[in-house]
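The chain below stands alone and is given in C-alpha cells; this is the form predicted alone.
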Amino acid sequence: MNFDFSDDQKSLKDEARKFLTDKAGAKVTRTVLNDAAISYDKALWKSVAEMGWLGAAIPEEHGGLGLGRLELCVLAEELGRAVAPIPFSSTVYFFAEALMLAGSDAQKAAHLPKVASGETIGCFALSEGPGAPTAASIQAKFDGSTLNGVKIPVTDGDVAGWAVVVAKEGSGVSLVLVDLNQAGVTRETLKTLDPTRGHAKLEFKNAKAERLGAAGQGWELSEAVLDRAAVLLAFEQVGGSQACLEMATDYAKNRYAFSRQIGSFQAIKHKLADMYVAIEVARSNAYYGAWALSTEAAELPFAAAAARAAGSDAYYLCAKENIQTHGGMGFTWEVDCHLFYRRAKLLALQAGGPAAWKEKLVKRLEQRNAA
C-alpha cells in the first residue's frame, strides 16, 4: 500500500508553499495579531479563493475544482506551516463538509458555489460551554423552523455569514443551517490565546433556520463531520510542527555558546530528535487518515481519532521545544515562536481536545473488538 502523494499532489504542495511564502507568513499573521479590530486577513482570503483552494474538494457542478480530499490535505499542511490567519478550516473542513455530507441538492446549489468563491464564510457550532458535548447535553432547540439557544465557543463565529448548528429537535438531535446576519442572532467576540483565529459566543432567539439532513440524525452527522475535519486539522498540525522543527534547527546551527554551536550540545540534540520523532508519528497517522478520508473507508473513525491525537501531541511538543531551543529569546514578542505556540494550543482544542479524541479512539476500538 503506497501512502505517498502523487507527483501532481506534490507539485500542488510546492506551489502552495511558494504562494504562502509570498502572500502569508509571520508578517501577515502579526498584522492580524496586532489589530484587535480584525480576526483574519481579507487580502489573503481573497487570494486563496482566487486560487481555487476554497473549492478544492467541492464538486465542479457546485463551482469547485472537484479535486478531492487528498489535495485538501496537501493545502491544509501548507496553511498550517504558514500559520495562515484566515477562516479556512471553519469554512472548508466543517461548513462545506457538512453541506456535502448532509445537504439537499437545493442547499448544496445555494451555498457551495458561494463557499468556493469566498463569498460565504461558514462555521460549525457544537460546543455549549466547558466539557465535551454529548447528544444528551445539547441544549439548543430547533422546532422545525426556528432556533433558540447559545453556542460557545464557535470558531470564526465572529466573521461567519452562515453556521451549521447542532441542536435538539424533539427527543433527538439535528443539524440546522442558520443565516447569522439576521435579527434573531447576536454575537459576542471572545478573547483567546490565538487572536488570529477568531472565536465568538452565538445566541439564537427565534432565529429562522432550516434542517440539514434528516431529523434526529444530527449527532451521527456531527460525528462524521468531526472525523473529516480531524484529518484535515491533523495536516495543519503536521505543517506547523515541521515549521517549528526547521526554526529550531536553523537557530541551533547558527547560535553559538562557549565557542560551539548550541546544536552540538546533547540537550538540544535530544529536543530536536524528540520533535522529529513526534512529527513522523503524526505524519504517519495523518497519511492513514487521508487515505481513509479520500476512499471513504470504514476505518475513518479510527484513523481520524489517531491522526487527531498524534497531530495535537506533536504540534504542542514542537511549539514548546522550539521556544526552549531559542532560550530566553523564544519567550519574547519579537521572535515568531509564540505564533506557533498560540496556534498549537488553539488547534488542539478546536473540534475537541486530544484527551477526548484518545477516549474516542479507545471506545471505538473496544466497540469494534466486542462486535
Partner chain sequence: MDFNDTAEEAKFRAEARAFLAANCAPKGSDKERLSRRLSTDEYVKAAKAYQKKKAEAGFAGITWAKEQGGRGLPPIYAVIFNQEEAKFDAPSQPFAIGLGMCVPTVIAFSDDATKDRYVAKALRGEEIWCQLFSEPGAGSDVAASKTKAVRDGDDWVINGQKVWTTGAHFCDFGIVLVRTNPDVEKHKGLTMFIVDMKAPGVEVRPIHQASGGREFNEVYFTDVRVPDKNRLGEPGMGWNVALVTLMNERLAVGGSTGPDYAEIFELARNMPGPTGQGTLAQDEAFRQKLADWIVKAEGYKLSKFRTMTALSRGQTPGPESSIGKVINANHLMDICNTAIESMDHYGIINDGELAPMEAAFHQGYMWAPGLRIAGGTDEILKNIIAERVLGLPQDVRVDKGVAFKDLPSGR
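Worth saying up front: this structure is predicted, and the values here are computed from it rather than measured. Numbering follows the first chain given and starts at 1.
As for the form predicted in complex with its partner chain, it is not shown, yet the points below apply to it.
Looking in the predicted bound form, is its partner chain within 4.5 angstroms of a heavy atom from every one of Y276, K358 and E366?
Yes, because Y276, K358 and E366 each have a heavy atom that approaches its partner chain to within 4.5 Å in the predicted bound form.
181-189, 90-98, 279-287, 199-207: which one contacts its partner chain in the predicted bound form at 4.5 Å, heavy atom to heavy atom?
Stretch with heavy atoms near the partner: 279-287.
Using the partner position in the predicted bound form, report whether W291 sits within 4.5 Å of its partner chain, counting heavy atoms only.
So W291 counts as contacting its partner chain.
Considering non-hydrogen atoms and a 4.5 Å limit, does its partner chain approach A252 in the predicted bound form?
The answer is yes: A252 has a heavy atom within 4.5 Å of its partner chain.
Within 4.5 Å, heavy atoms only: does A229 come near its partner chain in the predicted bound form?
Contact check for A229: no, nothing within 4.5 Å of its partner chain in the predicted bound form.
With heavy atoms only and a cut-off of 4.5 Å, decide whether Q266 touches its partner chain in the predicted bound form.
Answer yes; at least one heavy atom of Q266 falls within 4.5 Å of its partner chain in the predicted bound form.
Among the candidate residues V28, L70, I323, A56, which is the single one with a non-hydrogen atom no more than 4.5 Å from its partner chain in the predicted bound form?
For this set of options, the contacting one is L70.
Which residue, L193, A215, A135, L272, has a heavy atom that falls within 4.5 Å of its partner chain in the predicted bound form?
Exactly one residue meets the criterion: L272.
Within 4.5 Å of its partner chain in the predicted bound form, counting any non-hydrogen atom, which residues from 304-323 show up?
In sequence order, A306, A309, A310, D313 come within 4.5 Å of the partner.
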